[in-house]
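For reference, the chain that follows is the form predicted on its own, supplied as structure tokens.
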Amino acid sequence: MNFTPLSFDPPRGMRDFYPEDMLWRNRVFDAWRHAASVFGFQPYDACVVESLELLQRKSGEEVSEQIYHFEDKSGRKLALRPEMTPTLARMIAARQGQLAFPVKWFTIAQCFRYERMTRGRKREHYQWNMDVIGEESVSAEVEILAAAAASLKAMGMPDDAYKIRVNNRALLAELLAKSGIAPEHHAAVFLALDKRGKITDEEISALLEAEGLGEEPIRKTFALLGVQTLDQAATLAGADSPALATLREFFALSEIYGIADRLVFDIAVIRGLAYYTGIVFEAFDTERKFRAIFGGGRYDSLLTTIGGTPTPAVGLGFGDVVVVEVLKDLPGETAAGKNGVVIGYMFAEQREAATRLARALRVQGETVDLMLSRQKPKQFFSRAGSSTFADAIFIGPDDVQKGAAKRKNLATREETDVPLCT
């Protein structure tokens, strides 16, 4: 039987993670877990295969065009999860009578979505989800954004390297209503305006016309996107606007959290998913060279769409693809930090000394890669230099005789003495 040559590449849009890639992934994952823990979020996880019906109920029939879905051998319609929020809603609804609200949960989930790939977008990615379920106040939004900011700091991202753009869909709904656009059209208007930058304004106008909006309402809709400040929004919405009051409270609280310098009001931030009901946000690198680093917002009605009790909720989705691109683009950023030590030896007679030293350093908590056979010095240091380790120790006959070897920092070439174990 003849076979076509097998490709060594992963399926299109998927990724392999070699050790050098894992350095970056671990840097991001460790920062996520640390920030979630510091802010009191509890970990959870779920199956990667989800009911297609659940996903369609959340996003509509068109979701099946964007995700990997299939039937199992029993004819059940299933899918690889495209995001975690519907699964979280299902889990919360299943135990809604048993949980003590509010709950603060987080997970790092692998998600799949079949869509056109661009820089920063794959068909598979890992996403850090943080959600606060059962809290009505804007404290939930600010708590989540402060945790996200803490994770970026832990990754080595300077505060001035990104901005978090914030809006309130309820405010935009108020302004649309004042422009004469009936509430039943708002969801379609949000969806159309969220496409700005991805399609032309003429195409957006065509979508709005298809929804039944006339020329004047469409003109007023685009005019709203020209609002630059919260004060300008207040002039249009009126001093008694509940949505405006919520935003002012949000920004005041962000000052106390110490993240106000990274927040910007942006009425064009809408978020396309229909389940968002209030404050929404997206973070971008300051120069806007990349896609959004993370996004999210309040979704107070999602649980009811799957049969749960009405429950306020705020969530954030933070993918791993874009943030690694942003980190690599920072000035002077050449690699995710290396650590640990590689130990090698010249002849078989030095294997015992090398093994004893490796054992002692591992007992002390160090990461040690011990060579399992003798190597020539040039071969050893070439291998060590291309590894993910920071230091190297090479033991020869003279080192054993002296009872000490040299520990070399592979970046700076500085050497320090390290005693050998007897």
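The first residue of the shown sequence is 1; numbering continues from there. Just so we're clear, the structure is a prediction, and the values are computed from it rather than from any experiment.
If you look for the form predicted in complex with a small molecule, you will not find it shown, but the lines that follow are about it.
**OP:** Given the small molecule in the model of the complex, answer whether the residues G120, N129 and G317 all have a heavy atom inside 4.5 Å of it.
**Re:** The answer is yes; G120, N129 and G317 each reach the small molecule.
Subject >> Interface membership of G295, the small molecule in the model of the complex, 4.5 Å heavy atom rule >> reply: Heavy-atom contact with the small molecule at 4.5 Å: present for G295.
**OP:** Using a 4.5 Å heavy atom cut-off, state whether Y275 contacts the small molecule in the model of the complex.
**Re:** So Y275 counts as contacting the small molecule.
Original post:
So, in the model of the complex, is E83 in contact with the small molecule at a 4.5 angstroms heavy atom limit?
Top reply: Yes - in the model of the complex, heavy atoms of E83 and the small molecule come within 4.5 Å of each other.
Subject >> Contact flag, I259 vs the small molecule in the model of the complex, heavy atom cut 4.5 Å >> reply: I259: no contact with the small molecule in the model of the complex.
**OP:** Sort through 260 to 268, 318 to 326, 184 to 192, 100 to 108 and report the only stretch with a non-hydrogen atom within 4.5 Å of the small molecule in the model of the complex.
**Re:** Checking each option against the 4.5 Å cut-off leaves 318 to 326.
Subject >> Answer option from R113, R90, R165, R169, heavy atom within 4.5 Å of the small molecule in the model of the complex >> reply: Answer to the contact question: R113.
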